[in-house]
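This document starts with one chain, in the form predicted alone, laid out as structure tokens.
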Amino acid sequence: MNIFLIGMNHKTAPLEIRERLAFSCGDGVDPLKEIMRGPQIMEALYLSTCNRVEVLASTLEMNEAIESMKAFILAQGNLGRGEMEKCLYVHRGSDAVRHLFRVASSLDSMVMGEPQILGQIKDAYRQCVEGNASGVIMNKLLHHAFRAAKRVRTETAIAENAVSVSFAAVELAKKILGHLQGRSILLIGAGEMSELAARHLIQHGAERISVANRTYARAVRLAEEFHGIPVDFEHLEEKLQEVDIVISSTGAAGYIISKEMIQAALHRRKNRLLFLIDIAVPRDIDPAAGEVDNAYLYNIDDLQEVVDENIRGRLKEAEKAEQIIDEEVVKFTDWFNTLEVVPTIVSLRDKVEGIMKGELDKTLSGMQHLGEEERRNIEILASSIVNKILHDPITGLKEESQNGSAIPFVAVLRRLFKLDRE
């Protein structure tokens, strides 16, 4: 199989090296055009994300093409050869196909099951088509990759359940509150994870965000990002009465929310459920607050336990996904193997049908007494005989192609029927 994939990713190359390659290719250089200028490159796809840079190509001569792609990466990333060789991986044939399918299905992602990579591959394929760098092989291969990714997403639960602390908070909020539509959020502090959790909650339907911070100006700036309301830190206790979800992440040395504050808030809100997420270290919310009826308190360790359990679940689902990938690799390989016999099948059929048509024309020209229907029946008979004669050799060629052993049979057929002289 004349397909190879060469690249580096988050597992093999540090960020500073991936950045150098990505930045250089984004600096007025069209990497796909450069790749297609390489010797023996027939079709190519260039994929560049924050976690990987890869070239997928079909070629006339594998070793020469791979060396040219190494030179391309070396030059674009301004890398030393030793530095580059330590980071690069090269996959050939069905291994390249399998790697592509695993990447598209997010089995090779930093966060297994994330959906962004499939969209990035589709963008790379669109650029490949627009850049006239795709052909029969690349088109078929990428559509197989999309099908494999769809099967993995629909036939496994690999994309289900949160595997980040921020998203785990969203899952727990949905379980406890039933839904997030119209829910209000109080964000205390300006921690990165709490901001991210707030963004996730809003994306899932939560509304009316308020931001409290010891520095009021910072609360104003952050509230503007969320189109929310800044809250003076002194009014924190009364704000607890109004919101459904509290996310706290300050640098305070002690608790800023006590059990008594939660009790008072729940009393005034007529025991409507209150969901508390404490992502601060040290903690912002007194653990005793979780003992209050209708208050649900989770800290960063609780969320991490959810994440760890979900990761274990995804790893189990990954085993099913790998089986799907294997099936799709076999299907693509079967299709690819038929490519070497298709031209011979077409040539053989064309030659035999040409002989049949020539002989039929000569015969029928001397049988002017025949009617139109009789002539048509004779043509149908001749065509049927040709199809029956060709059926066994064509079927045999296809079967041999499935085993990857058709080349000797192709050579014999082309020689016996003198197909190369046509």
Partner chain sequence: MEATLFKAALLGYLVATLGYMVSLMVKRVVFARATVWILLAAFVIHGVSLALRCFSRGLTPAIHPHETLSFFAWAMTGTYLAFQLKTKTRVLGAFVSPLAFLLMVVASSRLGVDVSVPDILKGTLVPVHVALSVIGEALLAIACGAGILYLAQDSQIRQRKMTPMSRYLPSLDDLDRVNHVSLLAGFTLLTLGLLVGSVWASTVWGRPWPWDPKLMWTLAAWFFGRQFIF
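Rigid core (definition): largest C-alpha set, two forms, superposition within 1.5 Å. For clarity, every value in this text was computed on a predicted model and none was experimentally measured. Residue numbers count along the first chain shown, from 1.
Unshown form predicted together with the partner chain; subsequent notes refer to it.
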- Pick from 285 to 293, 321 to 329, 218 to 226, 339 to 347: which stretch has non-hydrogen atoms within 4.5 Å of the partner chain in the predicted complex? 285 to 293
- Message: By the heavy atom within 4.5 Å rule, which residue out of R183, H144, R102, R314 makes contact with the partner chain in the predicted complex?
- Response: R183
- In this chain shown alone, the residue from V90, A75, A157, V281 with a heavy atom within 4.5 Å of the partner chain in the predicted complex is A157
- So in the predicted complex, does any heavy atom of I176 sit within 4.5 Å of the partner chain? yes
- Task: May I ask you to check whether E114 falls inside a 4.5 Å heavy atom distance of the partner chain in the predicted complex?
- Result: no
- Do L196 and the partner chain come within 4.5 Å of each other in the predicted complex, heavy atoms counted? no
- Touches the partner chain in the predicted complex: E171 (any heavy atom, 4.5 Å): yes
- Task: Please state whether every one of the three residues D95, A124 and C128 places a non-hydrogen atom within 4.5 angstroms of the partner chain in the predicted complex.
- Result: no
- Core-aligned CA displacement of R269 at least 2 Å between this form and the one not shown: yes
- Taking the rigid core as reference, does the Cα of R151 move 2 Å or more between this form and the one not shown? no
- Message: So, superposing on the core, is the move of K259 at the CA at least 2 angstroms between this form and the one not shown?
- Response: yes
